[in-house]
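Single chain ahead, written as structure tokens, the form predicted on its own.
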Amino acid sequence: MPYHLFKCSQCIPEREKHAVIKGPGEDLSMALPLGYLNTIPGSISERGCAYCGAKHVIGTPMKDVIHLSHGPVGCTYDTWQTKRYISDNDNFQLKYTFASDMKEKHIVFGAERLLKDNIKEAFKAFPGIKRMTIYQTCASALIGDDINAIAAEIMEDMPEVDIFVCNSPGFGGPSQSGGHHKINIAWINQKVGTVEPEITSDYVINYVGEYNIQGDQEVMQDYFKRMGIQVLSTFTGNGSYDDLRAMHRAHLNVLECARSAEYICNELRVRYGIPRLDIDGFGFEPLSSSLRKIGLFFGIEDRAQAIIDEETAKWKPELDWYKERLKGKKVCLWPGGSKLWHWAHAIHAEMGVDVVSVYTKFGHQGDMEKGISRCEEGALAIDDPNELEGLEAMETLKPDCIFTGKRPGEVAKKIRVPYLNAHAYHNGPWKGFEGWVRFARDIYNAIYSPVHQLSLVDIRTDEAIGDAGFATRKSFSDANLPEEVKNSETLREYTGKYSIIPDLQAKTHPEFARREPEPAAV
């Protein structure tokens, strides 16, 4: 395992142990960079802060809530609308964000009165919303404002409202992952167990670590409903505040993103005895395995298998159409923590692409362990890269596409490398069987875009294209394919709709008879 020191970071030699190249036959003890540590001074990190991890990642997807940040307005703006956490109440949480807008005078004289006035004003402006989450920032934490006391006063004066306080200042951890932990524990301490739900099924789950990016939650919920499973709450995509207060009545916690939400699952197991089952909604085989595990837990494996068989038969020929055209393409997998390992093996096995680099900005060692173990030998693994390291990696590895966030993605486009938004998706949802085909389609469209092909022409040295005729993606992707693949009668491009969510929301699901309750012991 050679550590890798980027040329651009030679003036920061401490960065060497934060990047490794996975060698042949190496185990994780030999190919693991240092991770989840404070950013090294001099390295301009692209990380978010703990406040960002609490509000932006986990809190904001709650749909029927006024999300109010107690701090400068810039903090709020930085965590507003940069992910597509859609909801079925007309996307209230995407349209509006709230801040107490602390100024210098409030730092000097205190901002508790300001906060109280802001809370009342927000509830008055939106009388249909009776729930609020207040997020602490660095500014309000440093001056010691007692947000909990203010919230208690408001709830006493306005008994119809309920307020959750998340003390998550930006300095609360090395990265936004620290904020994930804070909001997980705060929620179970303050709110879980304060509402009793209506149970309508013999099989009841909390779907945890799911944020409904472009409708992911709707896709997975469709599978659960087809199995006769009641989703008591979703933590937190399209999640209702009061439903999430009733998490203690589930029979099983189904965990998707372990990096952001395993903390609340572990506490629910300790405090209420609810088991935890980790699943994966990305990729045909991982998703099939996940549905089987849930079915096995409840004794309804046949229902799970029926869904797997139906969805695979419908969508596998379309996935294979893209696989034939993506084989051997090089990609850099530079997303958040969990997608690093949710995708690393699945995109290689099921789409044919080669993962030449993995990185995480806020993941823990466990994320790197799983990601590195699932990618190919020779892959460059980086913890918390800065912009210059990302540029150097792309220039060295020459990937055909990178999967990352908006900031490094825009940098990639400057050097003519196409990117897909791994955080908010391009044309999602990407979970589920059909969603995985949509992901493959987006990769294909990015790599073979005629516009991108044109951008690769250097007008200083290359011949002008001139009148080359009309070019399509297929004219590039199919140029060297065997005739039997190009003319296959079974393989086909994606046939789904532009938006699949309206049909899922309008869908009716089977009703399953409930078991007779067992007689009480005498």
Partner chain sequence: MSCELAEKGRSGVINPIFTCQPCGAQYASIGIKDCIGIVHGGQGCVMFVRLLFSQHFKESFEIASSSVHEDGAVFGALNRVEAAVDVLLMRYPDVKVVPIISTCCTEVIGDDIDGVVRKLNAGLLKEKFAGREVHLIPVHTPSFVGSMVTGYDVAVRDFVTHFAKKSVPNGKVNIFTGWANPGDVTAIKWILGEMGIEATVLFEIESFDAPVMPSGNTVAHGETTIEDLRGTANAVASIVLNRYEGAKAAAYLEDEFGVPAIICPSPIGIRNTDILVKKLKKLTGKAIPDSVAIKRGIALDALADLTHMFFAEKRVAIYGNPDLVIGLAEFCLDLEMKPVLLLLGDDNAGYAKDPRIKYLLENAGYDIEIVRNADLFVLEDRIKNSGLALDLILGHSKGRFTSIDYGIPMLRVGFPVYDRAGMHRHPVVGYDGAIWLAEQMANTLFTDMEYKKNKEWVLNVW
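Numbering follows the first chain given and starts at 1. Because the structure is a prediction, the values reported are computed rather than measured.
Just so it is clear, the following notes concern the form predicted together with its partner chain, a form of the same protein that is not shown.
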Only one of 424 to 432, 221 to 229, 72 to 80, 150 to 158 has residues with a heavy atom within 4.5 Å of its partner chain in the model of the complex, and that stretch is 72 to 80
Contact residue in the model of the complex, chosen from 447, 195, 114, 188 - any heavy atom within 4.5 Å of its partner chain:
114
Contact residue in the model of the complex, from 407, 327, 130, 314 (heavy atom within 4.5 Å of its partner chain):
407
Using a 4.5 Å heavy atom cut-off, are 99, 104 and 457 all in contact with its partner chain in the model of the complex?
yes
4.5 Å heavy atom contact, residue 21 and its partner chain in the model of the complex
no
Is the gap between residue 260 and its partner chain in the model of the complex 4.5 Å or less for some heavy atom pair?
no
Would you check, heavy atoms only and a 4.5 Å threshold, whether residue 45 touches its partner chain in the model of the complex?
yes
With heavy atoms only and a cut-off of 4.5 Å, decide whether residue 242 touches its partner chain in the model of the complex.
no
Contacts with its partner chain in the model of the complex - residues in 404 to 440 whose heavy atoms fall within 4.5 Å:
406, 407, 410, 411, 413, 414, 415, 416
